[in-house]
Structure formats: structure tokens, C-alpha cells
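The chain below stands alone and is given as C-alpha cells, in the form predicted on its own.
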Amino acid sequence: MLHRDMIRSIRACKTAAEERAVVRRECAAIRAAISEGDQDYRHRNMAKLMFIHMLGYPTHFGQMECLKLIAAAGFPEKRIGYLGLMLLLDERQEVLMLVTNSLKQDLNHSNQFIVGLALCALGNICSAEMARDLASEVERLLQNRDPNTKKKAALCCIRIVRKVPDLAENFMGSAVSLLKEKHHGVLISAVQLCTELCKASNEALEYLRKNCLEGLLRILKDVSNSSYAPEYDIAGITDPFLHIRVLKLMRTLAQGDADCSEYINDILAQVASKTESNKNAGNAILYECVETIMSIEATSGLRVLAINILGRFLSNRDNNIRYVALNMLMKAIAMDAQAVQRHRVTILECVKDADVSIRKRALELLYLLVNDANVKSLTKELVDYLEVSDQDFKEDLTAKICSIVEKFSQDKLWYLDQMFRVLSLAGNYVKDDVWHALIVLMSNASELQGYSVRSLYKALQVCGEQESLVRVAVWCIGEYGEMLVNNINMLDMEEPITVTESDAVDVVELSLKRYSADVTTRAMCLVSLLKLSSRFPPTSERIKEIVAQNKGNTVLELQQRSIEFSSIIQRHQSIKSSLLERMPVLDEANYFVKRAASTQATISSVKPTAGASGDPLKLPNGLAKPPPAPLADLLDLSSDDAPVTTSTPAAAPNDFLQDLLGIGLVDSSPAGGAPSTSTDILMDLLSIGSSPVQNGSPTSNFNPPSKAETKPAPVMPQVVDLLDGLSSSASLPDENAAYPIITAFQSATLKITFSFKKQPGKPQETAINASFTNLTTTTFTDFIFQAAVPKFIQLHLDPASSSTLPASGNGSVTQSLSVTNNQHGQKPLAMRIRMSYKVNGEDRLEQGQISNFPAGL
């Protein structure tokens, strides 16, 4: 079957099975012809075999026929043989070693066409061994008179240099001499060879810097100034491919070399000025010229010229040209940001482009252009565009705007205004860490809290469908609702608004109902309503009804909150005001350090703790602020912010727990005293988190505590098991043993003692009688004692005998506690306590931690 007939038969097949049958039949016929040694149709059979190979069928049985055809004397046979060699074999085939001798003979053949066949084959499948064997023949052909042979030899040299970089020095002189040729095919091959030599060897790079720059300048001038040549002309540009290759080689040679850069500055300026930009071929040359200018040590004027060319590209209708211009401008910012700034308006227009790839790249470039001088104008433009931008683009645009506002804001009021507007326009796209940072900032900006809650209230009336806006607004209304209703802290620019207590509750209730599917938002709404019940007592009954509606909610989190909050509103009026007081000022510096660490950003190793030395941390809002004094939360069992007398900076044996658990384990031994020998059980994963001072110090409103009057019972050293608290081999004390009375807490103002009693047969249960004594000369009123324990302990508090603590120790108040240690014998008791009371109508708060319980409780 003839070749054409076979192709027609295969194309006529309607199924894959028919095609396979035809191929099998033809392969069988070819095998038979090979076995018979048919000389007349050998090249036709190989042509068929190549077509079958391109269809994906195995043709390994024809490899040796390729070698036989190559060894034949005639040109037609060699042509098919070399073509089959390039298609059916690759450099990994062992049979390729057999063709090396034939290649060497053909490279020395008198027929230039046969030489060309050998060079093409060698340039496609050359292995390292073949490169070493035939490099001298290829090098000799670089001096051949025929330009086509020179061109193919140069391309073959590129393959040899890639396979064996050590051979680069053999071709350096020949490559430079080829740059003097007139034939453009030879020139472009020579330029490509020089580029490959520069990559392969530093010696070649230095040699070519000294010997080929002049030739490259001549080529570029001749091509730029040449008259119309139809054989090289593309859209009115003479040989743009040679232009581009020469510019790339110039970039390689001049990069990092001031002398070479200076030498080519003039020709680059000439190419950049004379090349027309109304055709794609001209734009390609201009782009390479700009990239070369940006890569070398060019003069500032030349760089400005290059950036202006990119600015013209941004006005082009072709999206591809605009995209590459934006990419190049992003690199140019590091070299000359001022020149790029001149095209800011054009770049801003690209942000509003219909093409999404142009929009995203322009937005990234514009983000790099923002500085302190233009941040307000650019932010305004971006926020205005945010209102009309596509939904698909809002997420990227919102993220960039938020980042710009946080990074460059020097004014808290401006920061708040921009964030409120972003929340109103695209609150559904604002990430959680952004609105968390906004809440932290508002907590610290006491003078702007009234303005913030009023602005958010008005925004919520208009844009209540934006999720992040709702969360921030309900949090603010819950914290600063009285500022909203009473127009407290009004700014000069504000106009008073009339909001009643009922209106404030209405807007939170509406948010609670609107976001019925969002657990986080509904949970925040419930917390806000609970706080408003304390801020606005007349609305308590209505709030109680709203909260109670979620008692049967299928979401456990909301159900639990609803039941607990209802209980607080109904039954705990005495502690509701203190429990629902305004949140303490959030630690702004610490928050941003943790946020940066969570995103794996590079942060300072100095922790922003109170009293730390060093420069203040620069916050994203631009204002340096020392962190506020810590205020412990009684129910926060994961950290201990209570002040301690000393802190050991040296690394302790258990310091790895600090990294593992993120807690502050400090040495609780008094200054100058011997360190405690007992192992701190509070290092347990479920315990309070850090070892307290034996007698907890009060808040900063009081003087430091005096020395303890009674010492705790000594605790024997025990081994900590990270998986199960204390070692299970610890001996259990007699449950009928008498336990000493301990001083659980003592400060300059208050002393607390604990006495213990156990019931026979119930070693886990302990009855504690707490006695409170006032050490000052002023009576304490509204005295409340609170306690918190780890999760493995159950605690029950009975009412105190009185809420008034007589002065000067004239009488005491008692209160009974019962604790059940579910891990008795494994983990001792641990407890955090907080006492609140009033002195002459002024609220006071003291807190501490008890870890000196007798062993065996």
C-alpha cells in the first residue's frame, strides 16, 4: 500500500478498533519488508512508520532501518533516515551510539545538503558523549563559506554547549567572528550562540564583553538605519527578531558592568526614540529595549525615557501590551519610583479596566505606588470605585484598600472614616483580622468612641446587609450605647442625632433576626443585648424576651448563650453591673504583634510589654502607644495577667512549655529568696496557666503587699508528666488527716484564710470555709468574692455571711465553698480569686491565685 493510501485508510476509519486493525496490518507489512531486505521501498516504509509513530503506536522495530538509511549513499535515503532518527529516537537510546560514525562522515561530506542534514540531526538529539566526539567537526563548519551551513552549525553549537558547558571555550572566537557576517540568518544564530556561551561560562562572558560589544552596536545601527528590505521586513520594521536577540545579548553583557552599560546607553536611546510604536513588531522591540535599560546601569534620563514608553503602552488598546507594561512598571518602581508616579492617573484608569487580569495587575502596581503624600487621594479614588466595581473584583480591591489604610494611616479619625466606608460598601468581603483590628483601635481611641458608635449606627441603618459592618456596629453599640443615646464626645464636624434607648435595642434586634444563619453575628448580637440591659435598665424586660427566643435554638452555642444571659438578667442583678461593665482597653500593640506572627510576617523580637526597653512599636494606624496596664479576667484560665513581684529572665527547665502553650510561666519566689522546689502543677494544659505569687498582689491602685504572715505547708517535690499532670506514683495522703488553716490571699488591704474539712468516704470532695478580714481603717461595702478553677474541678459557692466588711479587722465575713477534685491524687487543687468592693463609693478590685493548698485535697 502506498503512503497516501495508508493515510486515507486510517482517516476513513470510524472507530478506534478499525484504526488499530489498519495500523497492525501496515506494521506487519513493514516488518515483512524489513526482513526481506527490500532496498527499493525502504525509505517509503520508513515514511509510513513515522506517520504511525505520530499516531502514538510503537515503532521501535524500525530504529535499525533508520541507521541503514543514514548509512546509504543517496540524499533521499539519508533525508528519510535522519528524519526518522529525530522522530523515533532520542538521546537516551543506546542505539544512538551506532550513528556517531555516520554523523562524523556526513559532517565532512562534500554535499552541503547532506552536511545540513547531519547538523540538524545533531542539533536535535545530541547527547553529551556525541557532543564531545563531534565538537571539532562542528567548530570547523562555523568557518564554512555557505551561510546556511554556518547558521546550522551555530545552532548545533548551542546544543553542544548546553550538554557540555566545558566546551564553551572552543566556540568563543568563532562566535565573535560570525557577528561580522551580513546574512541575517547567520547573525541571529551567532547572537543566540553568544547568549548561550555567556550563560555557560563566566570566562566566555568576560571574553564576549571585550570582543563583541562593538559588533553588536554595528548590527543594531545597521538594522535600525537600513532601508526597506523585503526579505526581512515585518510591518515596516526591518528584522525585529534580530533587533530583539541583539538587545537581549546586550542586556546579558552589560548587566552588572558599568563600563558596558555606559557604552551601550547611546544606542539604546536611539532605538527607544526611533522605533515606531504603532505596530506590534515595534512594540516588541521597544519592550526589549525598556527591559534592557531597566536591567543595566543606565543613566537616570534613559530610565525616565523607558518608563515613559511604558506609560504609552498603558494607553494602547491591546490588553497584552498593557499587561506587560504593568509588569515592567512593577519592576521599575524599585529603581525610579518618582518617574512611575507620573503615570499614576493612567494606572488608576487601568484599575477600572474591563479585563480582570489588567485590573488585578494595575491594583498591585497602584498599591506599590502609595506613600504618605498620596495615600488620601488614592484611597478616595479606590473607595469610590469600590462602590461600582464588579462583585468578582471587590474582594481583591477591599483587601488592598484595608491594607493601605492600615499601613499609611497617621490619623485615627481618617482611618476610622475609611474603614467605616469600606465596611458599608463591601463589608461582606472584609476579612476577620481587619475588623478585629478596627475594634482594637476603637477600644484604644477613647476620644473617638462616641463618634465611632454614631457613625456605625447610621451606616447600619443604610447598609445592614454587610456582615462585617453588622458585627462591628453591634459590638460598638453594646460597649458604647450610652454615648450613642446621649451624644457623648461629639466632634466639631458632627451633627447631633436623636437615638433613644429603644432605637439602639431595635437595631441590634433587627441584626439578630436578619442574620439568622450566621452564628457569629447572632452570638455578638446576644452579647450586645446583654450589655444594653445593663446600660439601659428600662429595656431589660424587652431584652430578656428577645434573648429568650433563642433558648430552643438548634445551634448549641446560641442556645447556651441565651440560657445563661437570661439567667444573668433575671437572677443576678447584684453582679450584673460589674459583670457587664465596659471592656478594658485592649492591648493594641500586643494584638498587632500576634496578628503579624499569625501571618508569618517579620516582627521585632522585643515583646511590647509594659516597661520594656527599646523603641515603641509602630502600629498600623501610625501612632505609637504604650500598652495599657493589664486587667485580669477572672474566667480567663489560659493566661495569668496578675502582677508578680519578680520575673526570672533566665531560661528555666520548663521554658519549652511557654512556647508550647503560649503562657507566661514566671518564678514566684520572692526577691532574694530561695526558689521553690515544688513542681508547678499549673503548667497542666487544662490548668490556670502560670504560677502566681503566694499572696496575690492587688491592682495598681494599692501599695505593694506586705510580707506573708503565715507560710504555706511545704509541698514535696513531684515529677510532672506532660500527659497526665503529676506522676501516678505519688503517694495518697490519709483522707482522715487534719488540714492546716492557710492564708490564701493577703494584701495591704485584705486578708483571706481558708480552713478545710473532708467527709469520710469522699476523698474527692472538700468543704472550704473562707474568712475575709479588712486590714484598713475604712469599711468595705458591696463586697463580692468570686473564684474560678480548672476544668477537672467542680466548684460551688454559697452566699457570703455579709456584703459589708468591717474596718480594722473588727469582725470578718465568712463564705462556704465546696470543691470536687475529679483527678484526686493526680492533680492538687488550684484556684483564681477576685474580690470586688467599694470604698467610700469608689469601686475597687483585687485578684490573686492560690497554689498553696495542702497536699491531698
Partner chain sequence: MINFVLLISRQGKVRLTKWYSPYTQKERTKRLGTKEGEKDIYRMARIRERKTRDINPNQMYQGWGRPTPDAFVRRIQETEIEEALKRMKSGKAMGPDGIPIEVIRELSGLILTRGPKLCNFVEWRGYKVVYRRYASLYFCMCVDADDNELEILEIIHHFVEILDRYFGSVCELDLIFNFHKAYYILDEILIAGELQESSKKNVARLIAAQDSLVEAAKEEASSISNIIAQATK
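No experiment lies behind these values; they were computed from the predicted model shown. Residue numbers count along the first chain shown, from 1.
Below, we turn to the form predicted together with its partner chain, even though it does not appear here.
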{"property": "Its partner chain in the predicted complex: contacting segment from 79 to 87, 340 to 348, 481 to 489, 129 to 137, heavy atom within 4.5 Å", "result": "79 to 87"}
{"property": "Non-hydrogen atom within 4.5 angstroms of its partner chain in the predicted complex for each of Y367, E406 and H824", "result": "no"}
{"property": "Contact test in the predicted complex: Q63 vs its partner chain, heavy atoms, 4.5 Å", "result": "yes"}
{"property": "4.5 angstroms heavy atom contact with its partner chain in the predicted complex for N319", "result": "yes"}
{"property": "Contact flag, E94 vs its partner chain in the predicted complex, heavy atom cut 4.5 Å", "result": "no"}
{"property": "is_contact(Y323, its partner chain) in the predicted complex, heavy atom dist at most 4.5 Å", "result": "yes"}
{"property": "Contact assignment for its partner chain in the predicted complex, among L117, L512, L314, I307, heavy atom within 4.5 Å", "result": "L117"}
{"property": "Listed residue that, although its partner chain is not shown, lies within 4.5 Å of it in the predicted complex (heavy atoms), from N327, Q570, T500, Q560", "result": "N327"}
{"property": "Contacts with its partner chain in the predicted complex - residues in 358 to 372 whose heavy atoms fall within 4.5 Å", "result": "I358, K360, R361"}
